[in-house]
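Here are two versions of the same chain, shown separately as structure tokens and labelled structure 1 and structure 2.
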Structure 1
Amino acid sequence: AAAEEFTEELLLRPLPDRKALAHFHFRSSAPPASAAGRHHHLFPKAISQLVQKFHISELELSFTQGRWNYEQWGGYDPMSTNNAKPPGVELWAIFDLPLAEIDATWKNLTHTLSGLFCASINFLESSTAFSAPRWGFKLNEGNLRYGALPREAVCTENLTPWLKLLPCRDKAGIASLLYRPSVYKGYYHSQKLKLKSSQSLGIILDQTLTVVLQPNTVSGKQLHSTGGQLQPSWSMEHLFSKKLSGKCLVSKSSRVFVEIEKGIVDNVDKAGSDVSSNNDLFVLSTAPDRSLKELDNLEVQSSSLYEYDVNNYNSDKPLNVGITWKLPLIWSCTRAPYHASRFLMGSGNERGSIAMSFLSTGLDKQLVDSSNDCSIKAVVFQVVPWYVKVYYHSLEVFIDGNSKAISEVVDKIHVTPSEDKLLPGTMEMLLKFPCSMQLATLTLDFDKGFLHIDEYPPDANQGFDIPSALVSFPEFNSSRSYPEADPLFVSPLLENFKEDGVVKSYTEVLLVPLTTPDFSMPYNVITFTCTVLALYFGSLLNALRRRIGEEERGLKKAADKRGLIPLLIAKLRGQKVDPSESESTSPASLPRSKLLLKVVFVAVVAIVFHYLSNS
């Protein structure tokens, strides 16, 4: 029987906007349960129990802070397709269960993941928070559930449980580079957990962490420049404040890759230099163990990959790979055929419109035939909360400023209308745009609903979030293949790059302001009512329990007796006081004496406090 395996890999890549990308990839695999039983050596037992209890075929959970910049960081490569996620939490799962049992299993799954990763994933248990897409998100047979929490904050309390699933945690290996201040001060970071389960292959768990960092340009070394602004030089120590001193001892393989994009390779070719670790444009601080070259369909080199085997490094000889630029360089990453963005239109707290625009990036002219009959397909998947009541019949399409009929652009559509406090609205559309199009805009009208006071979040005045929409281009493939000279060389990271992945991108999260009640009014009503009731019942009880006859006799006796103050004045003047009179007077005047002492004590404390405060 196959044994459990664990691999760790790190990919480093310079970005055009003077930033650096670091992608951590960890894979844990377990054989089928019939072969291994319930005991595990490397694979996390919590994940194994999760798969067995809820009958999960496929699951993906991501925690993201920041938004992926598709214009600067790329939108047509496997990195952006597979690891660019919407802000907050995104969860989807495919169950191997009858359709009638999936919703109840989904609710139990969200509670389990919430406790496992210390997050608010349990908010996705409500039927108003998840949907069941058919083909717009991922083709399925009705056994897929999808939910998103755009406002979920991501911090170290989510990263720590994620690291505990690794055999060496962050104590050794590539995961030891995860210095918390470096990770969370970045422009973008997304931690993802993806698993696949089958009876024949067992369970495969992929844990990835994608971080976009700003290199420290002060401490980085820069060589001579002929003019212009150099890219910032960086190394692993500058990015993560430490060097890599070895691998995780139980890992089957541990590798570090440095990827050079096609734009840099083209500039190196123009300079007449060979694409090596030391050329006219840049130099790598450590010589790689092996270099791989990607070849496209025309057998032309597109990008380069330099590999470092962590087995060759230890605490005495740590790995600190970095890149130093020699000449100024400007390049760009390949983008998706259209840049999709979403925004709101209208004003007021009653109604508005959702608009989605598609701006051509010019990629269609390079990859497809731009004839008159040419068209590009785009699939849009969008989930809208129930309190945003979308009128799907109000859909309008504008191409290059001209209104078009729906039948000319929308090839296929599936809509699940929302139900008040029961279901969110889901829209899946297949669009066909002409290749010559430069800009397309879709608009939908909606009304804003009213919520019960208990349904508002603590920061209701900030607004309500509409999750990101997913736009995919089924005719464009984002796979990237690096021919391997060694047949025994198996890299899970490069295997994921080879998979046929559809180019896709997420839009912005929309912030919708809704009418909010005066949350202070219940407090005002409660305090006012309690004050009136206290005054009423206090007066009523005082009137009912008062004994008028005894009070009059007590007042008459008190008038016949000398009080405490006249006795004190008589003593100060040296006058004689009758003992019998004082004895008879003292019991009656005892409460008054206590009251007088309290008044004097309070006055003394006030004088001392006033004196000390002034001094």
Structure 2
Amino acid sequence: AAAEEFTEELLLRPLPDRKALAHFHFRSSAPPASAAGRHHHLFPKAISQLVQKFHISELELSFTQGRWNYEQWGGYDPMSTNNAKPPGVELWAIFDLPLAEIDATWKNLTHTLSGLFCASINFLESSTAFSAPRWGFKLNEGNLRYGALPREAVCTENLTPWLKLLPCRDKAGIASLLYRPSVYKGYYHSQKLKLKSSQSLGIILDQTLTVVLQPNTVSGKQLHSTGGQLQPSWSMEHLFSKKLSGKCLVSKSSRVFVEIEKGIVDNVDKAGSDVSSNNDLFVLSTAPDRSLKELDNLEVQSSSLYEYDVNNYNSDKPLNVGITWKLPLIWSCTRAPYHASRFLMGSGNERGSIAMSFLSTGLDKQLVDSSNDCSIKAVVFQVVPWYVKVYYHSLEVFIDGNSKAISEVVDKIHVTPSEDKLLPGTMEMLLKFPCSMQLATLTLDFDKGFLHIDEYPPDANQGFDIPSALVSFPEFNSSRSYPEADPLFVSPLLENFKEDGVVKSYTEVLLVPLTTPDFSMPYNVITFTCTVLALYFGSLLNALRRRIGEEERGLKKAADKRGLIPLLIAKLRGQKVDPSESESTSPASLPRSKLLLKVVFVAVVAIVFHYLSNS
């Protein structure tokens, strides 16, 4: 029987904006076995048990910090389609279960993953947080669930459990390059875990980590003096502050690749040089063990790849792949047919609209002849939380500034409207744009909902994030194949490159400010109610108990008493003295004894209550 295998690979690629991309790829595979989930040698036991317990046939979990720059870093290559992920956490899974059990299993799965990866994935448990797209995300039979947490902060506490799934962790092999300060200093950081499980293949676990780094070169100052024209020359040591000293001993293969984009290759060709590891434009610091050339369908070489086998290097002779530029060079990456972006319109806390714009990058001009009836398809998938109540009927489409009928542009649409505190709104839409189009804009109106006071997140005034929308272009395939004569050369990384890769891009996360209540409101309400009650009871008791007329008479009498002069005058005039004067003193002793009685009574009651409540 086949044994469990582990391979580790790293791909480095210079980027046009003087940054460098590093893509780590680790594959662990377990053959189908009866003991799956119980006895393992290399494959992580936890993952195998997860697959067994939740009947997962496919799962992808990504943790991303930063946004992939589709303009600069490429939007039409396997890296951007497979490894550019929306900020925060994205999780989707396909279950091998009856449809009725899927939601419950998903909820358990989110809790398990949240424990495994030290993240708040459990917030995807609530039915308001996940959706079941049918075709907009990935074609399925209703057994796919998708959820995203755009605000999840990703850091080293998520990386450590991810590394624990590798047999050598970061103690040896390619993963030992993951020096945390340099990895988290990068511009983009996306760690991903992809699982595929089937009866015939067993479980395949792909763990990838994609980082975009600024090479930390000593000659950084010199770069600024030349106005950023020159690409920085970098090596592994500059990127990770470490050199690679050998492979993980249990790995089947351990390779490092350097990929040179088509833009550079074209430049090299123009300079009349052969694309080798040492040409007129650049030189690789270490001679590669093998070089591969991509051939696209037109049989024109587009990009090239240099391979290093880490097996040949050890701690005495560490591998430090680098690239040194001989001439200043400007190139650009291939971009997706449209640059998709999403933004909010409107102001105020009551309503607004979401707009999505598609700006042509001019790619279609090269690919398709601009005849009149030609069109380009785009699929939009977006999930909106329920408190942003989107009116899907208000969809409007503008092409090059002119309003168009929806039927002209929208080929197919599938909407699951949101339900308050129950379901998020999901929209899957197949659009057809004319090839000549420069800019298309879609707008959707929405009302902002009200949340219950305890549904607000801790920092409610920051606003609420709407997860990224996914735009895919089904007619464009970004797969890249590096044909290789040697049949023994198996590289999971290049296999992934070869796989079907519909060009995809994620839009920005939207930040919607919602009306936030004054969070001291409940206390204000309590205070206010108490005041009203006190006033009501106070005045009622007053009205019942007090006799204002008599009190006033009493007042008058008191006034009479004090009026010594009138009394004297009255006496002098021989009038009778008010008889009430003598009366007033006698009842004074009676209230005093009454008061005493009352005090005693209250004390007795208090003592009895205290005694009873304590016994």
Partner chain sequence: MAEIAGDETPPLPSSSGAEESSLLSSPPSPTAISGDEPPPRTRKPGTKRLVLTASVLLSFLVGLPLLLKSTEIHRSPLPSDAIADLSRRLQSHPPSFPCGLHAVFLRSGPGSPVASLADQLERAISTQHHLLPASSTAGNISVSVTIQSGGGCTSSTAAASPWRCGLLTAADSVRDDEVFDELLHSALGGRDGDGMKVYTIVIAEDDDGKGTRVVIGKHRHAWVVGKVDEAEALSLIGNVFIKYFMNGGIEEGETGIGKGEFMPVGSDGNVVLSFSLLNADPNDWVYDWEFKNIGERILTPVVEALRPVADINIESQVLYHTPKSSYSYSDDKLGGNVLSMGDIPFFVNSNEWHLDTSISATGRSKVLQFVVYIPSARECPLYLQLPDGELSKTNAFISPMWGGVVIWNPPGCSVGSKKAHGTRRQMSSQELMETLEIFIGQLRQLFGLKPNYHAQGMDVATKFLVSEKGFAQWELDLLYRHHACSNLLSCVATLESLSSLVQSLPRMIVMDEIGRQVELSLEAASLAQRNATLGIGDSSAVSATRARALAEDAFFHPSIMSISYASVEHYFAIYMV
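Bear in mind that the values here come from a model prediction, so they are computed numbers and not experimental data. When a residue number appears, read it as a position in the sequence of structure 1, where counting begins at 1. Heads up, when I say rigid core I mean the largest set of C-alphas that superpose within 1.5 Å between the two forms.
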| property | result |
| --- | --- |
| Between structure 1 and structure 2, the form predicted in complex with the partner chain | 2 |
| Yes/no, Leu540 Cα shift of 2 Å or more between the two structures with rigid core fixed | yes |
